[in-house]
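Only one chain is shown below, in structure tokens, and it's the form predicted alone.
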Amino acid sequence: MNFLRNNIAIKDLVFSIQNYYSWMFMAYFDLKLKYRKTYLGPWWVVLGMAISAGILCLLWSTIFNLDWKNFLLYLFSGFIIWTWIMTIIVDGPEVFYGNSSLLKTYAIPPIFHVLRKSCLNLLLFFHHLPLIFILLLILQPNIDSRVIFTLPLGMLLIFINSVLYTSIIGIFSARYRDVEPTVKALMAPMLLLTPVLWKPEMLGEYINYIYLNPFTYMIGIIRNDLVGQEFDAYIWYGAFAITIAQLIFFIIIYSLKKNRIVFWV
């Protein structure tokens, strides 16, 4: 208990969570600022997502001879969740040096800026959720009752992981600027290696290899029950294991390097 009370990472995290109204308001302001002088605001992203997913569904269902109605919901939900995760991964490296002036001017914990960025990405994801629910009502009206529990829990796990990942990668990126281009370069092949545009059963005897990809767990905890797939306990075990591993690493690296961030940015 003394460790939890005295650890700098835990103290900063608790302090920032207690002042949630500040970073939530700033995230909302960032969203308004991002789409200022536009009529549809973030709904432009939603419209673009709908068009992209529709074209991809038509193309891939034709190539693989799939039922487009079933594949549309699978691809659409996976593509939306992937976009949220990809935004977290790509934006994470610049969280600290992108806020260098604030870090040098105000005595607020660096984790505050991480929560602000993670909240902004969550708000953008919320704009896409209605599209998933509309497709569910049209294509799959009999939704599994597990969704009531797994959907909010899955979103919470991804949000927690986004905070932990952004803190960790932000520290490394503040010290080594090669991290950001490296992360961006890796995201394109990761999309092809993650079951977003294709179904795991297409791999045949190699289906178990999907569990080597950490993104499989993050997408599966939200999508699987939405599209009516059979419950996969390994997906949830993997998601919780990744969360615990990141939490431990976050506590270690943040505690050691927090005071150096301001000099690196």
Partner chain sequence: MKSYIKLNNSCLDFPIYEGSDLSFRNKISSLGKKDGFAKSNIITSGRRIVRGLDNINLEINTGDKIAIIGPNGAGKTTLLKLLTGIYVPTSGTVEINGKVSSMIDLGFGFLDDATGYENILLSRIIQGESIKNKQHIIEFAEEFSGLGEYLSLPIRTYSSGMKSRLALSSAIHNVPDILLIDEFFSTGDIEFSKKSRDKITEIMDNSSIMLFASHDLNLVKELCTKAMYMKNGQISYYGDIDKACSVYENDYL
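Owing to the predicted nature of the structure, the values given are computational and were not obtained by experimental measurement. Numbering follows the first chain given and starts at 1.
Heads up, the form predicted together with the partner chain isn't pictured, but that's what we're talking about next.
Taking heavy atoms and a 4.5 Å cut-off, does F249 contact the partner chain in the model of the complex? Judged by the heavy-atom cut-off of 4.5 Å, F249 is well away from the partner chain in the model of the complex.
May I ask you to check whether M26 falls inside a 4.5 Å heavy atom distance of the partner chain in the model of the complex? Although the partner chain is absent here, M26 would touch it in the model of the complex, with heavy atoms inside 4.5 Å.
Y106 within 4.5 Å of the partner chain in the model of the complex, heavy atoms: Yes - in the model of the complex, heavy atoms of Y106 and the partner chain come within 4.5 Å of each other.
Since only the chain is shown here, I'm wondering whether M202 would be in contact with the partner chain in the model of the complex (any heavy atom pair within 4.5 Å). M202: no contact with the partner chain in the model of the complex.
Would you point out which of 174-182, 154-162, 86-94, 119-127 contains residues with a non-hydrogen atom within 4.5 Å of the partner chain in the model of the complex? Heavy-atom contact with the partner occurs in 174-182.
Listed residue that, although the partner chain is not shown, lies within 4.5 Å of it in the model of the complex (heavy atoms), from L139, I143, L102, L131: Filtering the options by heavy-atom distance leaves L102.
Quick one: name the residues from 226-265 with any non-hydrogen atom within 4.5 angstroms of the partner chain in the model of the complex. N259, R260, V262, F263, W264, in sequence order.
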